[in-house]
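Just one chain is shown here, as structure tokens, and it is the form predicted on its own.
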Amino acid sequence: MIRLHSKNNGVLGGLLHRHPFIAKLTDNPGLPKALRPRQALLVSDHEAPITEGFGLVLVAHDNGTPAVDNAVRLAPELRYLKGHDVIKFSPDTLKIDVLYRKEANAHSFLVTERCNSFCIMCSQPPRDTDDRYLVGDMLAALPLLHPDTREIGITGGEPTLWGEDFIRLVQASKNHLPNTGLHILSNGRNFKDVSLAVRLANVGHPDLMVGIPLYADYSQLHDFIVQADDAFDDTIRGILNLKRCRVPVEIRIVIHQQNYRRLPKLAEFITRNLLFVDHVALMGLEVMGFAKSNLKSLWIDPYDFRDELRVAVQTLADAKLRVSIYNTPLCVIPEPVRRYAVRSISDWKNDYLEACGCCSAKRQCGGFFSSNLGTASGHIKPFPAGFVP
């Protein structure tokens, strides 16, 4: 598991910053002076030259102390950082948050912890707190991201709670990264107000997708899972309004004890009523947050819902819907639908069991969330040499 935050950093020189500082990393001490104030010089070799003018100097070794202002000894757990990565440095606590890693397989920005749902398996439990600074963090980071970034995500909490600031984030993403896809995770409920869907569509982002969870084919079960009255109706209206405005929509289904039996019926509901959506993702449970607290009533071995998964995927595929299986090891996915499996877990929290070491399909397999290793399926079986999944 890759650490994205650390306070285990040390001051080496006088800190001139009084407020949090967001910077892009560079290992080029000869960067033009005009570009240095918004960048952090990454020094991995104690013999490397250190020039003045950088907003921050991150020393990624334990030899010597450079005599420059704004120099910080980087925590060992963050010394994987490289040029083009983007960090946030908080001078009051010496905390460094990694906002973007160029080499990561996924990039997302948490823009709020607030939410109007309270899902029983939420991996990021909502908090009623004033975290508008997260919007500012993303706005500050966007101009620093590498233009070749394939896709970025906006997540929460519920991002649409920010209203106009949510639209502002989408507009800024389009302006700074016009060739980068934008994937927004939302519960969809606020899009029941068609004006929000219209404002999102009017941004005209060329590569946008809104991922919206739908956990059951009937309101009582969906509303129970998200712990919010009328959530099912709000979500369906939101999906309809977005598609009415020609905004691409992905339906996301997290599978657990409470809803796995309804997977075939949910797939049938989607094919009959939401055939116009752009993608359907059936997803394994991440054992974090509320999912960890409610584990006894949520966890089910993926092997035990393999039949329901197979029927659901085949129903969706037969209806010509684009469908994927996320967060599920290949060896517990039924062979007829294995081709729909995707390596979807962000690399910083992606892991494998020791038994997976000899599996010939490991490079094609999505593996596990690091937090799931203690609750992995009892049916993990490495594929033999020469096996083609």
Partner chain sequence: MPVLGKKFRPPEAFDQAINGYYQLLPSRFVRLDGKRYLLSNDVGEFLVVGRGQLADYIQKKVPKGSDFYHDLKSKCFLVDGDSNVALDLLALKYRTKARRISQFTALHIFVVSLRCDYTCRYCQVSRQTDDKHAFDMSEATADKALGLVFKSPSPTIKIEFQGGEPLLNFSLIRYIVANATAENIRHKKNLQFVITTNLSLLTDEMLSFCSSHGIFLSTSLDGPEQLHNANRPRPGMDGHKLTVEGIKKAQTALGRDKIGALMTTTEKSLPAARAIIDAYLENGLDSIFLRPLSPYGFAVKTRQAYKYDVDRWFEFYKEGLDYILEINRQGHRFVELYTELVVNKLLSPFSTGYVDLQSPSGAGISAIVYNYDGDVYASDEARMLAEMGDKAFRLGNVHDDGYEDIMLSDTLLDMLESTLSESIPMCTDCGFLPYCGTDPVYHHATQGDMVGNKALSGFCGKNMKIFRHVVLLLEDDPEARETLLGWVRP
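For clarity, every value in this text was computed on a predicted model and none was experimentally measured. Numbering follows the first chain given and starts at 1.
FYI, the form predicted together with the partner chain isn't displayed, but the following is about it.
This chain appears without its partner; in the predicted complex, the one residue of Thr271, Ser108, Asn190, Asn116 with a heavy atom within 4.5 Å of the partner chain is Thr271. Taking a 4.5 Å heavy atom cutoff to the partner chain in the predicted complex, the contact residue among Asp318, Asp128, Asp92, Asp301 is Asp318. Among residues of the shown chain, Glu158 is not one whose heavy atoms approach the partner chain to within 4.5 Å in the predicted complex. Residue contact with the partner chain in the predicted complex: Arg246 places no heavy atom within 4.5 Å of it. In the predicted complex, none of the heavy atoms of Arg150 sits within 4.5 Å of a heavy atom of the partner chain. Although the partner is absent from this view, Arg101 stays clear of the partner chain in the predicted complex, with no non-hydrogen atom inside 4.5 angstroms. Only one of 142-150, 202-210, 219-227, 167-175 places residue heavy atoms within 4.5 angstroms of the partner chain in the predicted complex, namely 219-227. Taking the partner chain as positioned in the predicted complex, the residues of 241-277 that bring a heavy atom within 4.5 Å of it are, in sequence order, Gln258, Arg261, Arg262, Lys265, Glu268, Phe269, Thr271, Arg272, Asn273, Leu275, Phe276.
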